[in-house]
Structure formats: C-alpha cells, structure tokens
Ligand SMILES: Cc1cc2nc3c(=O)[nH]c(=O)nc-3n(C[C@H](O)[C@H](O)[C@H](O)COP(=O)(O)OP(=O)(O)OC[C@H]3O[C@@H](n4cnc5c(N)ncnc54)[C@H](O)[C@@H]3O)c2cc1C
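Below you will find one chain, with nothing else, as structure tokens; this is the form predicted alone, and questions on how it binds or moves follow later.
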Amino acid sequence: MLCRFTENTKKAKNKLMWQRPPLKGSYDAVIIGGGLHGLATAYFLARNQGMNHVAVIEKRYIGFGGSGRNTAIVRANQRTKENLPLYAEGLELWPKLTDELDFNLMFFNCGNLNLAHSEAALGSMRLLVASAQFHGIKSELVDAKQCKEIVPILDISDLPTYPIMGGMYHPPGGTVRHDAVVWGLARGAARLGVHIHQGTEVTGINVQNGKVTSVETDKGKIHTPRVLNAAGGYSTLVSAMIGIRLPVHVLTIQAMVTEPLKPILHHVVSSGAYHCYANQTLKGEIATGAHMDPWPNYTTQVSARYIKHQAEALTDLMPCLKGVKFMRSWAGLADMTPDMAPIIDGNNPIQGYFMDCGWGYFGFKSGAVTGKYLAEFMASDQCPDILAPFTLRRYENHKLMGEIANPVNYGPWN
C-alpha cells in the first residue's frame, strides 16, 4: 500500500501545471502579486525579453484577488484616446494567447450591449461609438427595437423603472474564463523558467541610494534590481513600504450567479442606470455584477442589499428571470483612482520600482496586453508609448484622464 501510495503521489506531482521551486536568494526581477497582471508580465518577460530568472511572489494563491473575483467580461469600448488602443489590442490578444500557451482560455466574443435609458445616455454613447470607430474598433449605436433583436428577452416597453431607449453594441466584446487565464499564464511562465512562490508574503522592500536592492519576505530576503507592484487591491500597502503614497482607494464589488438555465442570454448586457451587467456562462448560469460599495473597505463579504438590488434590476430588464434563484455570490476588491484610469509607472524616484495598479473594475480586460508592454518597460527601462499616459505624475500635474472623471473626494493622499 505504501509503495502504491508513493507511486501515485509521484504521478500526481508529474501532472502539476507548474512546479514549486525553492525560493532563491536573488532574481533579476521580483513581481509582487500572483494575479493576471503579475503573471502576464512574468510570462512576457521570459518569452519576449529573455528574462526568465524572475520570481512571482503571492501571499495566498495565484488568482486570489481580482483575477479570480470578477465576471470575466472583456471589451474595448472605452472612452479616451489613451485607453482605446490598449484595450483594443488586448481584445485581439486573447485568441493569440490561447495558441501561444496551448491552453483553452475559453475566449468567447459574443458581443457586448450597453443599454441607454435617457437622451443624455444616448448622447454619451454617440461620443463613445465615434471614438471607437475612429480607432478602428467595431461599435454601433442601436435603438430600442434593435436592442430587442440582439437580446430578445429584454423588456423594451415603458413598464421597467428605466425604459430602454437604445444602446451601444460592441460585437468584439465577450468573456474569457478567468481561472483559465491565470492557470494558462502560470503554466506558460513556469515552463519558461519563472518561479512562482505561493503562500509567501512580502514584508518589505529595501532601497539604497535611490535604487531597489532587495525584497524581504516571510521566507527570506531576495536580492533584486527590479520590483513590480502588481498587488491589485493591496498595491497601496506595497507602495507604502518605500514611502510612495498612491491616489488609490479600495472598494468592494459584489457579484453572483443564478441556477443553470437553458441558453437565453447570448450576449453581455449592461446598464449604467441599473448598475447591473450580466452574461450567461457555459454552465447556463446568469453571472451578474453590481455597483461598487460606496465606502472604501477591504472586505470580500457579500450583502443582502446587493442580492436584492440585482434581483430587482435583472427582472426589471428581463422579466423572464423572475423566480430564478441565486446560487452563489462573491465579492472582489477594486483599486480605484480618481480618474478611473490605471497607474503604470517605472519613472518614479525609486529606480527599479515599477507599478501596475489602480485598474478599478477594468483590470481583467487589459491584464495580458499590459503585461506584454510592461515586460518591455522593465527589461529596457524605456516606457512604451502606449503606457506613457498612465504615469503617476499625471496627478501631480493635474492632468487627469477623461475616462470617468470622479468628483468624489475620498480624502487627501499626497
């Protein structure tokens, strides 16, 4: 029995998607955060930049944070000239990455329909559609009848609290399986020599003469000239270790899924007025997300308030869902900046310290493509043009982006 157990254990180890190497005393780069952004950067550092002596440090397990706590929607119908090219390339990267990694990421470009419930909302969508089309991104304005043709279960009568007046249809948008992306990138990076250390906590970052020299962990010191902060909702805590205070506040976003149903929702549907978005998964569940909690917090607990809100919103828009039961719910942390745009920086006072954070609820859509360009940035110390607008200094220079300017004052940060 003992021999058979040992043999089975060896076989199980051989089937691991990536190994568990010992923590070395030095690496060419250390990435803090084992989510989509961190793993993508590690993968492209090894694949495109020839830098495979890289460590990914994750306090819990890969995909623990926002990468595993989202509704897996991807799209490129943003608003600004800075965001649109990045998200468009990111959307085109998913099928290519599926082939590269030889791993089914379950990318499904089913199309994304954003609903408008007022003339003001339609006017805003006209601007969004024009911006997208200018950058060669497929997007079109549709009326209420066309919304019904795209999603037949929508109620376009005057009965809903916010009647549907039209919408913006973005055919290339869709969904990607979030855990498949994390696993695929982790396996791909590990096969190229990257070390993934789960259950390892970063406790400090050492700096000498304005340069990063090492990282302290609960399992020992790591000497390294480059550190990437890709810790998502915990990025502010990491930056605080070297005295950089970020304009980021963490807000909880809740989501849930219904019991499995026959195929009835063939596109992603979202509504700003209802603060609701939904899609049907391959298992038949209706996955739906709510708005953010209105106060900064680090909890991942769900509340009866949002379960009630989602039930009311979904059945108002799609009455056929009345009586359907919610089966599971979860919550994730969104690292929000004042202008709803990320902070991607490596030209700060600390040489060798890079940041990729502040994505809010847009981070999943852009993780792979950002990792591609960030790897180039870390290897060359030259910021690619596509990432240059996202510098931290835009706040110092009062040049906030116009994605969604947030007038809410969360308090002082500098």
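Throughout, we count residues from 1 along the sequence that is shown. Keep in mind that what you see is a predicted model, and the values were worked out from it rather than measured.
Although not depicted, the form predicted in complex with this ligand is the subject of the following passage.
- Of the candidate stretches 371-379, 26-34, 343-351, 44-52, only 26-34 has residues whose heavy atoms lie within 4.5 Å of this ligand in the predicted complex.
- Contact check for R191, V207 and M355: none of the three has a heavy atom within 4.5 Å of this ligand in the predicted complex.
- None of the heavy atoms of Y274 is located within 4.5 Å of this ligand in the predicted complex.
- Not displayed here, this ligand is kept clear of P389 by more than 4.5 Å at the level of heavy atoms in the predicted complex.
- This ligand in the predicted complex comes within 4.5 Å of a heavy atom belonging to G332.
- Using a 4.5 Å cutoff between non-hydrogen atoms, L317 does not count as a contact of this ligand in the predicted complex.
- Residue-level contacts in the predicted complex: of G173, G167, G232, G184, one residue has a heavy atom within 4.5 Å of this ligand, and it is G232.
- Between this ligand and the residues A311, M106, V250, V202, the one pair within 4.5 Å by heavy atoms in the predicted complex involves V202.
- In the predicted complex, the residues of 340-377 lying within 4.5 Å of this ligand by at least one heavy atom are, in order, W359, G360, Y361, F362, G363, F364, K365.
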